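First comes one chain, alone, set out as structure tokens in the form predicted on its own.
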Amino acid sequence: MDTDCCQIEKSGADTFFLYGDLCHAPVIGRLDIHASSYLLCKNGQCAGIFKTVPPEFASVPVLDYGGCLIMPGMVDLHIHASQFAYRGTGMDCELLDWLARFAFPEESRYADPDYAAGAYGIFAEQMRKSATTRAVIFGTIHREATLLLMDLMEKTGIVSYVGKVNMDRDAPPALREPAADLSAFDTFGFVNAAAKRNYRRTKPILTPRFIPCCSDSLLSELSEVRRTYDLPVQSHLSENPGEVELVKKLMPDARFYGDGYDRYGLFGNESRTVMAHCVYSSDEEIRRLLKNGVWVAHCPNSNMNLASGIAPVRRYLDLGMRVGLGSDVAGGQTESMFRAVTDAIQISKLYWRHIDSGARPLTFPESFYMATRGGGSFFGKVGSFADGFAFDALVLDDAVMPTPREFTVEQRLERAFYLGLDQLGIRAKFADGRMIYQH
């Protein structure tokens, strides 16, 4: 029954098995482990976990990864492709200073098609090799550069939303769009151009950068774009104290930061929305996030690097809010979602110890869930091996980390995340039932 990976990849087989040690979190806080088991892919979806191959599937090909860990692919709910080139620098700044000194000057470079091609090529290749199978991505204000980014992401096989950024105030002249209506017109053009390219895995997403960079007129124009094309929305929310205070000055009539988006229909309900950070969300804002069904992209690495603070993720989970994880490159220095999982756990321990003793630290199964099923729900039935979910899978060979100890599969999984196995142990990666990376 064993079948070579290349044979399935070349044939484009719609039905096959993966064999190995299966790990997923279909509900928050619980890992389901199936050692030495078979995961069936049928027409791009998960179609059952079996201890042995049932007779009716005896002729179905098997990819034998015996001894390897097999888990759902990672979902990155918030990453800036345009900042990837300078990741790991400027980490002594706070958010607003960091934007002015590092992010905005770098993003201005994407007006140059040659620079954009080189920088985005590096980003796309690294994402292809990463543990990420789905991502929600910021580009820049530049339409052609962002379309190029979509072209490159399409080739990786990763399923993604990619946004052309909108900003018409409080930004350098090179990044400040001249008028709200022109920004919206350019976004109409971007969405129409993307539709003509017939992408299978890459879709546009409406991307007002954040309220400090978006006038009321621009938000109103973008509301019309969203309704016309039924687009999802991504932006930032309550990340940093200085940012929150600035929003109060710029939009004094808003009840809270998120209300500034909500009054224009850009905050959940009919608009599927992901907001990054939510470190300083007020009680009223939290209630609105929950009521409107907004996804929160928790970005612990970035929140530490830019000294923003610690998001009260335990509270969000206890309330039943939609929460996933984001790498937030380049506020976060790495695209590794394994690092995001462990950072989320570690920073929650500091929150519990130093801020709120009633907020239990996150457990590994909970953080693993956020990186798979939690963020995956933004894409639909994604992030679990339950029947009917998209067949997104990551195969890890933890034999590259030798040890004299015997570990359970669950212990091996935790060890893989804390020791960064995504950097050297990825054997294969699948999205929607197709192999998109093999090593």
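Residue indices: 1-based, along the sequence shown. Remember, it's a predicted structure, so these values are computed and weren't measured experimentally.
What comes next is about the form predicted in complex with another copy of the chain, which does not appear here.
Comment: 81-89 is the region of 193-201, 81-89, 140-148, 283-291 lying near another copy of the chain in the model of the complex, near meaning a non-hydrogen atom within 4.5 Å.
Exactly one listed residue, out of 223, 108, 271, 333, brings a non-hydrogen atom to within 4.5 Å of another copy of the chain in the model of the complex: 333.
Contact annotation: of the candidates 59, 52, 43, 403, the single residue with a non-hydrogen atom within 4.5 angstroms of another copy of the chain in the model of the complex is 403. No residue of the trio 35, 39 and 66 has any heavy atom within 4.5 Å of another copy of the chain in the model of the complex.
In the model of the complex, residue 231 stays away from another copy of the chain, with no heavy atom inside 4.5 Å. In the model of the complex, at least one heavy atom of residue 419 sits within 4.5 Å of another copy of the chain.
None of the heavy atoms of residue 217 is located within 4.5 Å of another copy of the chain in the model of the complex. Among residues of the shown chain, residue 154 is not one whose heavy atoms approach another copy of the chain to within 4.5 Å in the model of the complex. Residues 349, 350, 352, 353, 354, 355, 362, 363, 364, 365 are the ones in 348-376 with at least one heavy atom within 4.5 Å of another copy of the chain in the model of the complex, listed in sequence order.
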